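Given next, in structure tokens, is a single chain: the form predicted on its own.
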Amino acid sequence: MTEPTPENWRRTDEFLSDTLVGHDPQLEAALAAQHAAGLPAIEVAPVSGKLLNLIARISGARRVLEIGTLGGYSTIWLARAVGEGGTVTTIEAEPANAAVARASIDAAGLGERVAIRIGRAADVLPTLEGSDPFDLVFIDADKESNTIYLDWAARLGRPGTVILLDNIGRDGEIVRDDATDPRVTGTREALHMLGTDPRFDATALQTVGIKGWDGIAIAVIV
């Protein structure tokens, strides 16, 4: 029996990626540009990017909101999913990150589908009120603000809008009610919100792989 070690998690993730995602020059170029610019390697794994893409397609999402652009890797996955005429609005706090993302998204031929809004998400989100509701919201930014982002996802969505909250595993630290790491406490608060706020119907899955011990929460606005 294969031992459940981080190295074997990584090897299994790589096998799944090779088998189900495969070689993708545009996505690989986006990652290379991100790494060359010195951005942190905290983008979603390839299998997770494909999951975002599939969920967006399954739900029929045409208007997507992404909170946390980084180098645009997950943005490309989402922009492909919405198809021609669909749009992705993605929010990035760091102008340098947004510039890297813009170049990679344009190089992937998806520039017309993606609007990058630069600024702190808590400041940008209120400016989106009054637009058509989003069909899917992907939250992958500072964990300390997760409850703020969930609240705005509910405000900017509609009944049936899908919400994906990334990085909920936190190496298992989410079970600790004495946690002091703000990324853990922010994640715990977000999960409690998803479980108690009547606007959401949610579940979550813990995962292991090249991202370590992690997970994702999936919700629908009711």
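Predicted model only: the values in this text are computed from it and were never measured. Numbers for residues come from their place in the sequence shown, where the first is 1.
Keep in mind that the form predicted in complex with 3,4-dihydroxybenzoic acid (DHB) is not shown, yet the notes after this line are about it.
You can rule out all but one of 163 to 171, 58 to 66, 149 to 157, 193 to 201: in the predicted bound form, only 163 to 171 has residues with a heavy atom within 4.5 Å of 3,4-dihydroxybenzoic acid (DHB). In the predicted bound form, 3,4-dihydroxybenzoic acid (DHB) lies farther than 4.5 Å from every heavy atom of residue 54.
The closest non-hydrogen atom of residue 42 lies within 4.5 Å of 3,4-dihydroxybenzoic acid (DHB) in the predicted bound form. Contact annotation: residue 50 falls outside 4.5 Å of 3,4-dihydroxybenzoic acid (DHB) in the predicted bound form, judged by heavy atom distances.
Remark: residue 183 counts among the residues lining 3,4-dihydroxybenzoic acid (DHB) in the predicted bound form, judged by a heavy atom distance of 4.5 Å or less. The partner is not shown here, but in the predicted bound form the stretch 125 to 159 reaches within 4.5 angstroms of 3,4-dihydroxybenzoic acid (DHB) through a heavy atom at 140, 143.
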